[in-house]
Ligand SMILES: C[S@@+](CC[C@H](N)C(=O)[O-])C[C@H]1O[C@@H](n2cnc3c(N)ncnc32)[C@H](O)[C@@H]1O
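One chain is shown next in structure tokens, namely the form predicted on its own.
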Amino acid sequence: MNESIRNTIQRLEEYMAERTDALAIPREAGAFMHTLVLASRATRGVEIGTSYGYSGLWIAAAMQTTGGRLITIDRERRKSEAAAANFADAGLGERVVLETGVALEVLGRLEGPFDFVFVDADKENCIAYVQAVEPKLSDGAVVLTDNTLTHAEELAGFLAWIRNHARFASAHLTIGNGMELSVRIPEGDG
């Protein structure tokens, strides 16, 4: 990760510490995602819940190494615009496509395949988000869902669903706010 990206991450951490509307992943979760994207060699990513672009910076920085691109979705235009500025400041503007709108509608018009998905938006729609992107996932694709510790009750139905899904192998991680790491199993395997 180059100095420009590290500086943008640091600046954004300072900015978010002063705001009440910037609910971002902790730094350790960002570093984990960065490493996970590198390890999986992901090149086509989708993030549901951009906010100010903090988690997207970690993903896009890894995709700069893998030669990939990230599509990130947020429903608030002002946050998408702020995130776009942050990606540009980090030198990652060409690695990221920002979509503003209702996530399920945006997911419906995106073309796959995708090999990395980060779900960090409204918890009541997590099943719907994964169902919308599932037909567009490559075999071995990673789906990472945030807030499994901090929003355990809201995510209980989602966690039961994905852990019992025939096409996903899933494991709980206590990194950051808690994450569910799910991997798309090739048809006929498992």
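Note that this is a predicted model, so its numbers are computed, not measured. For every residue, the number given is its place in the sequence shown, counted from 1.
Beyond what is shown, the protein has a form predicted together with the ligand; the following relates to that form.
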- prompt: Among 156 to 164, 45 to 53, 61 to 69, 134 to 142, which stretch has residues whose heavy atoms lie within 4.5 Å of the ligand in the predicted complex?
  reply: 45 to 53
query: Heavy atoms within 4.5 Å of the ligand in the predicted complex: does residue 103 have any?
result: yes
- request: Using the partner position in the predicted complex, report whether residue 76 sits within 4.5 Å of the ligand, counting heavy atoms only.
  value: yes
query: For residue 175, is any heavy atom within 4.5 Å of the ligand in the predicted complex, or not?
result: no
- prompt: Hey, in the predicted complex, is residue 120 touching the ligand, heavy atoms inside 4.5 Å?
  reply: yes
